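The chain below stands alone and is given as structure tokens, in the form predicted on its own.
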Amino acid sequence: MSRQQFQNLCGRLSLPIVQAPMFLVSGPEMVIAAAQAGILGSFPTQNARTSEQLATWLDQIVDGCQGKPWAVNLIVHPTFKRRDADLEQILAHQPDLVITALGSPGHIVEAVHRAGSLVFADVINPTFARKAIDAGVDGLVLVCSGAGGHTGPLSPFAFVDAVREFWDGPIILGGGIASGRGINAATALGVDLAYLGTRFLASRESMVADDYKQMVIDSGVDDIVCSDAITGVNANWLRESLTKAGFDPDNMPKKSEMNVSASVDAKRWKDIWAAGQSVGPVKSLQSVQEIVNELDQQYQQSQSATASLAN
């Protein structure tokens, strides 16, 4: 039933992509704009300052999406103090998809299924993928090298092949995808949806400061620095923001102690800005709808080129 439910969800999208949840970036406006543009919008619950504000946001999203699919991202690690309160609001608002991060999804799967939603787990290697499958998830989000914010270590080619050895269920693939060509390449690997975050950083609906958006527009792949010094987990950061925060991007401090509170500490992320290796295609400030239109055109062109080569 869950697989058919996911296939039905995909069938309601005009383009096979998820606007990935981004800390301090995506909120109700972006999720609603994504849904209206025909893609699957999402946001992390911690972007709302409290569980009470989260409830208000979820009300806005349900009203604004008007029956179109949407998703929410929940940190499931037990040290995330709002986990249970946020989950309660999620269950009450019944998103199409709940994407878990930073911990085992096992304790929420049954409740989310009872509410009628699907559960996908955000994973960075095959070991975590196996654990998520054993916990009963409906699908996986494979976060690969090049992803913005917290990133994975593996190439998408190697990661997808490794996971397909033991999992034939739904897969969403993220890491360095920011164009229609990338979306086409992802689907050619045999995954269901592509996960795009950085491409939407400089959108009009993004919650970040104008300076952050401009830095993304001005940056290229050489301006991305991967470091575990900020939160204890490897993440990709904009070089200029590290410099402005007092770091030497070429000589980052040793790994900090990993803790979930650091990962959701807004002060820590306020002046140190995340972005993926896919910053290059971000050339200007655009609306989510304009970005989707551009991606769609590129995707159709890439599919046509692939078909021509096959013939």
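Residue indices: 1-based, along the sequence shown. Fair warning: this is a prediction, and the values are worked out from it, not measured in the lab.
What comes next is about the form predicted in complex with a small molecule, which is not displayed.
Checking G139, P156, G180, G146 for any heavy atom within 4.5 Å of the small molecule in the predicted bound form turns up a single hit: G146.
Under a 4.5 angstroms non-hydrogen atom cutoff, the small molecule in the predicted bound form lacks V31 among its neighbouring residues.
Remark: L196 counts among the residues lining the small molecule in the predicted bound form, judged by a heavy atom distance of 4.5 Å or less. Although the partner is absent here, I39 lies well away from the small molecule in the predicted bound form, with no heavy atom inside 4.5 Å.
By the criterion of a heavy atom within 4.5 Å, W70 is excluded from the residues contacting the small molecule in the predicted bound form.
Residues of just one listed stretch (269-277, 51-59, 247-255, 31-39) have heavy atoms within 4.5 Å of the small molecule in the predicted bound form: 269-277.
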